[in-house]
Structure formats: structure tokens, C-alpha cells
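Have a look below at one chain only, the form predicted on its own, in C-alpha cells format.
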Amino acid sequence: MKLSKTALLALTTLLLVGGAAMVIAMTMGLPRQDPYVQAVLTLRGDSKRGKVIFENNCSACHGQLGKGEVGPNLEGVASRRTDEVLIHQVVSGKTPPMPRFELSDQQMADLLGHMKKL
């Protein structure tokens, strides 16, 4: 099958744009959908329990109200980051000096519920 120059140009452009988008997504460090993330996203988080988790684990760096101390200000963080990115941020340990937190699926859902209220 022979393609016209216009069709060939359109196909080449589509492949280049698609490839560029894939490279950008990969280099942004977006988390892949893993079973843990999927499990957390299926649960309804309790923001009151999440607040306790936050106070016990996060407030020393992010402040009691999430306004930042040593760590960054988390006010409105849920409007700037997806749930998947927030989960990955908390459990990955890939943003030193923030440690890797090991939370159960429900604990992470609860913490996420609280973070959405910051």
C-alpha cells in the first residue's frame, strides 16, 4: 500500500507527538498503576483517622495544619497532585529527606482523605 505525502506526513507527526508524550510522562516520574495504588483508590478514606496519621507521621515536617515547616506546605496539595501521585509520594521514599512510609491500604486511604482537606 502506497501512502500519499500528506498521509505519510500526518502519520509521522502522530508517531513523533505520541512518542514525545510517552517520553515526557516517563521522565516526570509518574507512578505506574500498581496493585497497592489500585487497592487504596477503591477504599473510602476517613479524614478523621487520616488526621491522626498525619499528626503522628507528617506534622513534624509539614506542620500541624500542613502549612510547612521543614517539609513543604501541603495546603491545597490535592488540587495540584493526583491521588496516584500523592500515594506514590508518601510510600515511595524517593523524595529525601522524606522517609518511605509503610501504610496499610486503609491507612493510606484515610491519610489521602485528610490531605484532601488541607
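Counting begins at 1, following the sequence as shown. Not measured: the values here are computed from a predicted model.
The form predicted together with heme C exists for this protein as well; it is not shown, and the discussion that follows is about that form.
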Can any non-hydrogen atom of residue 58 be found within 4.5 angstroms of heme C in the model of the complex? yes
Would you check, heavy atoms only and a 4.5 Å threshold, whether residue 93 touches heme C in the model of the complex? no
Would residue 44 show up as a contact with heme C in the model of the complex if we use heavy atoms at 4.5 Å? no
In the model of the complex, does residue 81 have a heavy atom within 4.5 Å of heme C? yes
Considering only 61-87, what residues come within 4.5 Å of heme C in the model of the complex, judged by heavy atoms? 61, 62, 70, 71, 72, 74, 77, 80, 81, 86
